[in-house]
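Below you'll find only one chain, the form predicted on its own, shown as structure tokens.
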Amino acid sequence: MNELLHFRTPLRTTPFHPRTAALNRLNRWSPWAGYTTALCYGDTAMEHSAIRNAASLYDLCPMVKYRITGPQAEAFLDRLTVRSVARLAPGAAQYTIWCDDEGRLLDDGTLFRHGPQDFLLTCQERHLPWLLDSAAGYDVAIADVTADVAALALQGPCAAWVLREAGFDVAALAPFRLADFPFDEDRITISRTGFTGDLGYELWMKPWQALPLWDLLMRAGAPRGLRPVGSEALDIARIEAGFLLTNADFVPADQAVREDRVRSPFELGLDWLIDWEKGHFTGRRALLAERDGGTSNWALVGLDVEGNISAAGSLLYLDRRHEAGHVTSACWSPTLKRSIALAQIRRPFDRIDRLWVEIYALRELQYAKLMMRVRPAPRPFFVHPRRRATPPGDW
């Protein structure tokens, strides 16, 4: 599509759209990064069950992707992100974050290293101006390749089996590793990554390879119950895994209108990512002062919620009277059979076990106010050894 005429089609469709549209019985769609993406194909509960008990396909094409190359690509990314990129070997990936000069989170994402001078950075929001400004003085090339790279998430306990049946031997692929495989007179990249906290893979390809690969995987996975899943089922799985979602659990610092809405890695439980020994990176001075001064105002915590009603968007109270924070993501977990939530709580209330959540539950066109007890719960809520088993088991 001509970039100058994008306004004629405000939402693009992905290379997988001919297949996803045909399977979307509910015709439920949602915008994501300028693309239309499926919310649910027919039954969210069954789609979530496929993620946890069989295998699932999720269209990842709208994920924002930046190709970063050049002699100083490693040095640039070491300066940009909080983790050590120098320690990231070719053929490996890492979850990472980057901040502004005040140490406030801009976004999180996955950094893939394809070669000594070749990286792919994926994230939820668009950051090209920030990346280009941050690259001043570095011998690097940065390109938005979102439309040039099609992507598909294959997640679930049977994911490795499906890939093997499709002709891709991923037995030796450890978590956060990637490799190239021949496909359709070319190659695709498969990484052992995902957003479900379970055994899973992400497949990266050229757009013209998308439909042949989709068809191959659907045929190969049919005996193990492979099904496409929408964003609603994936959101339940990522909450079970304790993963944060941009513009749900935090607001990127460059998008926040209200100054008190931005958060630091310490306030989001992401300070474990920071490599203090690697040298300077954007936001280091501010984060060091926050660490040494103990000035964090918020804490992001996992919660068990009484009852079976989702607490999404609800306020938290200390002793049922004093506002203490708010729930950012929540669901009834089909896997754990309990109501769980992620919440931002003002310090030091995060260490006090006297919290309640105010839930408004819709009861036949009227809302009923429920005050339910909540208790701290470790993240991730869902943990299974198959997530890291190498080679993966035959489930």
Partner chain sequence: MTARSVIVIGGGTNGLACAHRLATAGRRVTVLEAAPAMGGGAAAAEFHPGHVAPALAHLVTGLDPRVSAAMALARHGLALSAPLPTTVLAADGAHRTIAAEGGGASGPDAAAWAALHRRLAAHARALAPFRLLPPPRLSRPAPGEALTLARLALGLRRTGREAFRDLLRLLLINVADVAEDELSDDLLRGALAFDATLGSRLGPRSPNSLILYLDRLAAGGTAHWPQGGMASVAQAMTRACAAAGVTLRTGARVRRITVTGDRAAGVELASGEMLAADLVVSAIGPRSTFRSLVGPAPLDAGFFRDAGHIRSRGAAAKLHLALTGMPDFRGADPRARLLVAPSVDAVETAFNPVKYGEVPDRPVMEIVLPSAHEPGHAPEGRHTLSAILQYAPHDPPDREAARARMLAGALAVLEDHAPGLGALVAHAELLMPWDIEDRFGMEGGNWHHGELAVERMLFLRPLPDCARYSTPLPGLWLAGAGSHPGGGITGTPGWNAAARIIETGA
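Since this is a predicted model, take the numbers as computed values, not measurements. Numbering follows the first chain given and starts at 1.
One more form of this protein, predicted together with its partner chain, exists but is not displayed; see below.
With a 4.5 Å cutoff on heavy atoms, Ser231 does not count as touching its partner chain in the model of the complex; it lies far away. The shortest heavy atom separation between Asn297 and its partner chain in the model of the complex exceeds 4.5 Å. At least one heavy atom of Gly137 is located within 4.5 Å of its partner chain in the model of the complex.
Contact between Asp133 and its partner chain in the model of the complex is found at the 4.5 Å heavy atom cutoff. Partner contacts here mean any heavy atom within 4.5 Å of its partner chain in the model of the complex, and among 119-127, 158-166, 278-286, 220-228 they occur only in 278-286. In summary, among the residues Asp215, Asp101, Asp186, Asp148, the only one with a non-hydrogen atom within 4.5 Å of its partner chain in the model of the complex is Asp101. When its partner chain is considered in the model of the complex, only one residue from Arg263, Arg238, Arg83, Arg79 comes within 4.5 Å through any heavy atom, namely Arg79.
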